[in-house]
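Here's a solo chain for you in structure tokens, the form predicted on its own.
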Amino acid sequence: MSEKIPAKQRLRDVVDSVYRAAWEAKERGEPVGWSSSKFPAEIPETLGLAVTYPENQAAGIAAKHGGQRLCEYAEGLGYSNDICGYARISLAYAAGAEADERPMPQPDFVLCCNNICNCMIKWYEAIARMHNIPLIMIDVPYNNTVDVPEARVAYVRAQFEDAIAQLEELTGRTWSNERFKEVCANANRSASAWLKACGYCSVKPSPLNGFDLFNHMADIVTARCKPETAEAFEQLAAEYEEGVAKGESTWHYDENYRIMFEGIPCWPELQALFKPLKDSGANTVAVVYAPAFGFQYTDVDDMARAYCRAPNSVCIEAGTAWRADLCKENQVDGILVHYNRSCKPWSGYMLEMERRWHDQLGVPVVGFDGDQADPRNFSEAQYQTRVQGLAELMAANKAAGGQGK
């Protein structure tokens, strides 16, 4: 009997199949798209279109230490080093830079949704101009209220319908409501399994480390509408459940402290991020970036609401409450905040969030400067000092009898 393939290998295989399918579609002369990560993937999947994701590509390139090379290439084209590192990597690749770390076919159309940030709009406009190809845009306004107003739901849903019509005309494909229902069922199944896997961080001690979730995120970004993704995430959740039963964990070190890592990881510096946490016995048991892609909904209107709730498109009250609840559920002793030069919308309100966390949670909060893709913006020495400081504050807080509210 053949040995069972671990979930992490199945998840890697799914992502590789997405890129392989795009190359194969290109070879057949079919249109291939590039999509922002929070564009409704259900739309191109229903139409059977091959789509790849520049953010996932950029993270992969950065993790394999190619980010600085492509960032500098983009800067040579005139793009400022103040803009997102993902954008610079993607623009460099679109302009012809080589990226053996994660190659993908050049696009015939681009799909953009600004529920991440408005930099996304200019980034994808630039790609569309470079290749003289269509840009299909869905505008998701910033939510100033905790609930998504019905007028906004109608506005976003109308854009879903317009995007479908544009893609039908562009590709010659015909929309199928039955296929759409299947795709949405797959997406919800993937999201449910993914969120269940993420939820095992709440167990004490945890059967996993939050950095594991960062490593598995590619699937929920690139392939959340595929049944094989749901199956692999269900297996991942089952493996974590088995770890709880056996008292085993992917975190093979002391769990002296439990922390939330706030923000996108520094992909070029994962080892540098991990080691000081390991040395101090600080297990990351809460992350925001990973579960943020677990879109769940009941119908098309609810799907519009779900895509309006991306972390950077919700009001500070909703964002703070989400994180505070996560910290309470996962019993964190402290919070480590990444002030990410590449993601100013995410980092911009962190100082106010820190103030609220101090009041609401009673745990120490420490921040460090970094970047999700450009290693020039990360100082290992500063990071080590900040993690050491957080460990000392958590120790003092515990000694004083405070373990969070």
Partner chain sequence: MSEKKVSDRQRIEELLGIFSGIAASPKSQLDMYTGLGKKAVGVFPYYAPEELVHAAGFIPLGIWGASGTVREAGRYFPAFYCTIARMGLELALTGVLDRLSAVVMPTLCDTLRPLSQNFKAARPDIPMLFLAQPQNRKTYYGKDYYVSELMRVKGELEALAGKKITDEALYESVQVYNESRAERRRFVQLAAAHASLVSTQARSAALKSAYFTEKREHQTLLKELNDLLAAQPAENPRDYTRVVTSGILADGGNLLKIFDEQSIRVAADDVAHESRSFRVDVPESLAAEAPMYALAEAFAQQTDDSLLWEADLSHRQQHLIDLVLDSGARGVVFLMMQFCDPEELDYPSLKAALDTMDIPSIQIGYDQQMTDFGQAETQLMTFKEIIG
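None of the values given here were measured: they were computed from a predicted structure. Residue numbers count along the first chain shown, from 1.
As for the form predicted together with its partner chain, it is not shown, yet the points below apply to it.
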| query | Mind checking whether each of 78, 143 and 347 has a heavy atom within 4.5 Å of its partner chain in the predicted complex? | reply | yes
| Though only this chain appears here, would residue 197 touch its partner chain in the predicted complex if you measure heavy atom gaps against 4.5 Å? | no
| field | 4.5 Å heavy atom contact, residue 249 to its partner chain in the predicted complex | value | no
| request: Although its partner chain is absent from this view, report whether residue 26 comes within 4.5 Å of it in the predicted complex, heavy atoms only. | output: no
| Does residue 312 make contact with its partner chain in the predicted complex, using a 4.5 Å heavy atom cut-off? | yes
| For the chain shown here without its partner, which stretch in 233-241, 143-151, 198-206, 270-278 has non-hydrogen atoms within 4.5 angstroms of its partner chain in the predicted complex? | 143-151
| Which residue among 254, 72, 101, 125 has a heavy atom within 4.5 angstroms of its partner chain in the predicted complex? | 125
| From the list 290, 304, 117, 97, which entry has a heavy atom within 4.5 Å of its partner chain in the predicted complex? | 117
| query | From first to last in sequence, which residues of 339-372 have any non-hydrogen atom within 4.5 angstroms of its partner chain in the predicted complex? | reply | 339, 340, 341, 343, 344, 345, 347, 348, 349, 351, 352, 355, 356
